[in-house]
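What follows is one chain in structure tokens, specifically the form predicted on its own.
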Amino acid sequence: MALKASDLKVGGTHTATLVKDLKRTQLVQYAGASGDYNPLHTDDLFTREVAGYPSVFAHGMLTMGMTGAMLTDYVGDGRLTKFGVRFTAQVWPGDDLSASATVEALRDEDGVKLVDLAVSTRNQDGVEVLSGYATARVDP
């Protein structure tokens, strides 16, 4: 069912859990799906001993993809017209991630109803790991 402008108000927020206990296996699976085999995401020895991080960490685009799935689940397939993010902290194996989309504006553009959203993804400690924006078409 498509999201309706009449059901939205500025300041309203939609939240969803993206993942509980992110597994290293998910990082390797994403590397395979994306073709991004940067060892920072898949090789613990390299990440610790060469790069100086405590462990491998998630691809930023994995976090963006999970957040994008939350958005399309919320607004409906084929309705997202803009989506941009900034990665603000690393995502580690074992993290739980939750995302929110907050209505910033409802507007008409060339006869099309749009909703502008502020997007945020946070880990289990409340640390924001992704911030961004989205715009989607909505029904009247």
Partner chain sequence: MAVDRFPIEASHIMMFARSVGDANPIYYDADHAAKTEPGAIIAPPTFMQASAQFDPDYSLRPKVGQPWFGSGKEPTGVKKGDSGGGGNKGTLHAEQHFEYHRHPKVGDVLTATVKPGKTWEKEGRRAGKLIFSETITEYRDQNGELVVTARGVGVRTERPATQG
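Positions refer to the first chain, counted from 1. Nothing here was measured: the structure is a model prediction, and the numbers come from that model.
If you look for the form predicted in complex with the partner chain, you will not find it shown, but the lines that follow are about it.
Subject >> Heavy atom of residue 113 within 4.5 Å of the partner chain in the predicted bound form >> reply: No, residue 113 is distant from the partner.
**OP:** Answer yes if any heavy atom of residue 86 is within 4.5 Å of a heavy atom of the partner chain in the predicted bound form; otherwise answer no.
**Re:** Taking the distances in the predicted bound form, the answer for residue 86 is yes, it comes within 4.5 Å of the partner chain.
Original post:
Does the partner chain get within 4.5 angstroms of any non-hydrogen atom of residue 107 in the predicted bound form?
Top reply: No, residue 107 is distant from the partner.
Original post:
Any chance residue 38 has a heavy atom within 4.5 Å of the partner chain in the predicted bound form?
Top reply: Residue 38: yes, in contact with the partner chain in the predicted bound form.
**OP:** Could you list which residues of 42 to 78 come within 4.5 Å of the partner chain in the predicted bound form, counting heavy atoms only?
**Re:** Residues within 4.5 Å: 43, 45, 46, 49, 50, 51, 52, 53, 54, 57, 61, 62, 64, 65, 66, 68, 69, 72, 73, 77, 78.
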